[in-house]
Ligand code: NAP
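Here's a solo chain for you in structure tokens, the form predicted on its own.
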Amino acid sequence: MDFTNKKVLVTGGSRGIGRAVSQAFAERGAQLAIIYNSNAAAAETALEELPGEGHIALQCDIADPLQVASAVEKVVQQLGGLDVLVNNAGIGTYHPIDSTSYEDWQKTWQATISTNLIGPANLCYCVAQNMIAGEGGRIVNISSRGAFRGEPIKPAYGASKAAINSLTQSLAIALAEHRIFVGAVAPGFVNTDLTSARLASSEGDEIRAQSPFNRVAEPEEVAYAVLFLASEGAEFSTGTIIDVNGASHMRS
């Protein structure tokens, strides 16, 4: 999987899965644009650790359509085009239905859908316009195991990821004629700073035991699946959703 001189945009690229994805692309010759929401220090650190030259980081709240359009325009201008989009940024706020106020329930659903679904959809739109005018490209959306097995204490997150799967497959059909290939990667639990507290708690053993490997995924394992879908030769896998959950949830 050689990405020499490919221009890659990764949202949420400053930590966790996004950081591992950015690192993996850069190690294989790509030029990266990292989008982050608020943690400029983390973005700068991630940028400094990327091998190669010409990488950039941009602040953008992907829930804001105007910021999305502006950020994509800046990335295209500064990198000289875009070959790959990885929609990784997202939120997952806990809001169990039996203990959340109606006001907080509404706020959580609105924020989650705006960030996890509308934001990626807008990024797909803006990036696709550039790819259609060029020579095509790849779009990889980060979904979740929760899209299939449910998320009882953060149902908006599970619903948003199920919608991302549908968006992925709709766009795979709509954009095929433009040589734009679209896929998704659906991780289970991943060992990142966002999951560290739960994995270190009394719940950690139960979470790890969900997989017959008795562990959770590492970010690099998710990144490898992303690289495959973005690689030359994977075109006929467009519309695919790759599970990276260590057989903790099986579907057919």
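Only a predicted model underlies this, so the values are computations on that prediction, with no experimental measurement involved. Counting begins at 1, following the sequence as shown.
The discussion below concerns the form predicted in complex with the named molecule, not included here.
Counting only heavy atoms and a 4.5 Å cutoff, which of 175-183, 130-138, 99-107, 156-164 contacts the named molecule in the predicted bound form? Among the listed stretches, the partner-contacting one is 156-164.
Is it the case that Glu220, even though its partner is missing from this view, gets within 4.5 Å of the named molecule in the predicted bound form, heavy atoms only? Close contact is absent here: in the predicted bound form, Glu220 is far from the named molecule, nothing within 4.5 Å, heavy atoms only.
May I ask you to state whether Ala71 is within 4.5 Å of the named molecule in the predicted bound form, using heavy atom distances? No, Ala71 stays farther than 4.5 Å from the named molecule in the predicted bound form.
With the partner left out of view, is Gln210 within 4.5 angstroms of the named molecule in the predicted bound form by any non-hydrogen atom? So Gln210 does not count as contacting the named molecule.
Test of understanding: in the predicted bound form, would Ile62 fall inside 4.5 Å of the named molecule by heavy atoms? Output for Ile62 is yes: heavy atoms within 4.5 Å of the named molecule.
For the stretch 1-19, which residues lie within 4.5 Å of the named molecule in the predicted bound form by non-hydrogen atom distance? Gly12, Gly13, Ser14, Arg15, Gly16, Ile17, Gly18, in sequence order.
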